[in-house]
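Only one chain is included here, represented as structure tokens and corresponding to the form predicted on its own.
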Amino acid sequence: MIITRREIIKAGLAAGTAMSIPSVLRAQTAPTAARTVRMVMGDLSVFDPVVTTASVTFNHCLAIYDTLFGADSKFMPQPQMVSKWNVSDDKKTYTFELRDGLGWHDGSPVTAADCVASIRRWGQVAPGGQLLMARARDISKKDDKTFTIALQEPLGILLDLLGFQGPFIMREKDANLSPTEQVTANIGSGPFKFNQALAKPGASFTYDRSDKYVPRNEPADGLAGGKVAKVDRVIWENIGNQQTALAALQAGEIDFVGTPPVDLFPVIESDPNLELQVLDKTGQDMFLRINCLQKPFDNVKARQALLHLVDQEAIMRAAFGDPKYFRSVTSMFGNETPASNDENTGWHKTGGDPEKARQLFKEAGYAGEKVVILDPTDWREADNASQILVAALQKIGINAELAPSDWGGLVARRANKGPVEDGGWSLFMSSEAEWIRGNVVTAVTLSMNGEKGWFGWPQNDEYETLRVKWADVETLEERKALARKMQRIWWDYVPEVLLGQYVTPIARRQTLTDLISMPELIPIWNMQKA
């Protein structure tokens, strides 16, 4: 798994711990129950988005920090802290002006110097930030509300970089820390304030509505638009046991569970007070990664055989059961991103085409080489899907076997570039948030730069030439055209095989409404409690 909002939650640290807060403190600070939302979001242990990419950390940052631009529900960048911006005629200098009313939760104003420092720190770590810094000639403030980014050459994707996985803006003194040193002050300028006095690491964290936050006037739209806090307090409870969390949800002790277990969906659906809701509508794309360095998959015909062999519906049904939570996918960019397209997808066939696969293995000169599939037994969905795949391979005469281990064991072994006889591998399954696949610059799985790239190490220079152009094209139509050219090469080469797209719902009480729907992330503004 590459990115998932399912976090490892410490067991045994339940809501009861939060109840140990001295009663006098609760009496002084607690808003009414009707204005308080209690959520099970995961175990928040890192508070700095530059130090980690964990979804729970980004959710924390969305609550207390603000961003220069925000991605709307169509993944387009929209101004957020920025009131207006312009670019020079040579497209090398961008000037940004901050909107009025921006202030830190400690009472000081947000300034252009804060933004410059935050961009520079983010730019040392994030893939998009590193691209920006590689192209930047100068990033500096002009006055308290204005700053510029001067480039050595045009960068058409600049606003996308700032709006999607862009920097959370921190105070200059926090952003001046090394990117390896975690920011722990938790002083932001966003719609909610972090309540340090009520923080109970391992048990609960509390966020209070920031009365001084000035939202934009536009309606909320994804991570863009007006970030209006419509409840007074949000408490993240850390309940490790999923059945305990569900019991608390049924009892009305909490309002939201971020990752309800699949086998308890029927229980939730039968409760009139509860609802399953898919907030991450683009979900995850599950894929089969191929080792392109070793036999038999160093031969393109063998890789193409896999493309024709896989029956996506059978794989997804084995992995996720209920078909309302999965569907097939044929574009390397997923089903829902602006780059999604149908170029060179004629290989897809319901049920797969085993005879075509058998023929292609024969054309590849397959001579009985062992095919090893890394099988993560602690990721139930991939384990089930691996069972289906190995059976399909064996059925057409391939000498395939599973190599069971936990996910950590898989991660360690997949780095081995050698043959299976020396501890290497042939195939393994993983998944990736679909919205990441729509951004070629930051999606490491979409590179084909050989042994410098991601596991499997596909190499195609023509494709890489096109991929590099992604950062420079300016319009959506240009990117769509480029995406089609890339996809034609991608499915001729076959560095991976897509296994399907799936979504995972959250569970909430019926009284909690108007949650923002975005991939992976769960903002806490806009939601209401009846």
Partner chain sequence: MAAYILRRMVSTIAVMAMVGVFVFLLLRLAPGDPAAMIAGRLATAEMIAGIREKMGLNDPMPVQFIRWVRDMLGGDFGTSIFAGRPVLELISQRLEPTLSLSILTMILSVMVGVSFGILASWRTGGLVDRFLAAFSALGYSVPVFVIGYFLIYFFAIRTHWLPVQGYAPIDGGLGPWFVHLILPTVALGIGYIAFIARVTRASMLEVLSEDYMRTAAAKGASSYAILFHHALRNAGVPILTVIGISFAYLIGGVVLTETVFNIPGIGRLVVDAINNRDYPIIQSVLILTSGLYVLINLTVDLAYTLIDPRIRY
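Bear in mind that the values here come from a model prediction, so they are computed numbers and not experimental data. Take the two forms, find the largest set of C-alpha atoms that superpose within 1.5 Å, and that set is the rigid core. Residue numbers count along the first chain shown, from 1.
Keep in mind that the form predicted in complex with the partner chain is missing from the display, and what follows is about it.
K.L.:
Can you tell me which of 52 to 60, 480 to 488, 458 to 466, 66 to 74 lies within 4.5 Å of the partner chain in the predicted bound form, counting heavy atoms only?
P.N.:
Stretch 52 to 60 is the one.
K.L.:
Has each of Tyr94, Leu132 and Gly438 got a heavy atom lying within 4.5 angstroms of the partner chain in the predicted bound form?
P.N.:
Checked in the predicted bound form: no contact with the partner chain for any of the three.
K.L.:
Should Lys356 be counted as a contact of the partner chain in the predicted bound form, where contact means heavy atoms within 4.5 Å?
P.N.:
No.
K.L.:
Decide whether Asn291 counts as a contact residue for the partner chain in the predicted bound form under a heavy atom distance cut-off of 4.5 Å.
P.N.:
No, Asn291 stays farther than 4.5 Å from the partner chain in the predicted bound form.
K.L.:
Would Gln250 show up as a contact with the partner chain in the predicted bound form if we use heavy atoms at 4.5 Å?
P.N.:
Flag for Gln250 set to yes.
K.L.:
Classify Phe320 as contacting or not contacting the partner chain in the predicted bound form by the rule of any non-hydrogen atom within 4.5 angstroms, answering yes or no.
P.N.:
Because no heavy atom of Phe320 falls inside 4.5 Å of the partner chain in the predicted bound form, the answer is no.
K.L.:
Taking the partner chain in the predicted bound form as the reference, which of Gln243, Asn416, Asn399, Ser140 has a non-hydrogen atom within 4.5 Å?
P.N.:
Here the answer is residue option Gln243.
K.L.:
Using a 4.5 Å cut on heavy atoms, which of Val87, Val278, Val444, Ala391 is close to the partner chain in the predicted bound form?
P.N.:
The option sitting close enough to the partner is Val444.
K.L.:
Could you run down 494 to 530 and flag each residue that has a heavy atom within 4.5 Å of the partner chain in the predicted bound form?
P.N.:
Stretch hits: zero.
K.L.:
Could you check, with the core superposed, whether the Cα atom of Lys230 shifts 2 Å or more between the shown form and the other one?
P.N.:
No, the C-alpha position differs by under 2 Å between the shown form and the other one.
K.L.:
Once both forms sit on the same rigid core, is the C-alpha displacement of Gly456 at or above 2 Å between the shown form and the other one?
P.N.:
Indeed, Gly456 is displaced by 2 Å or more.
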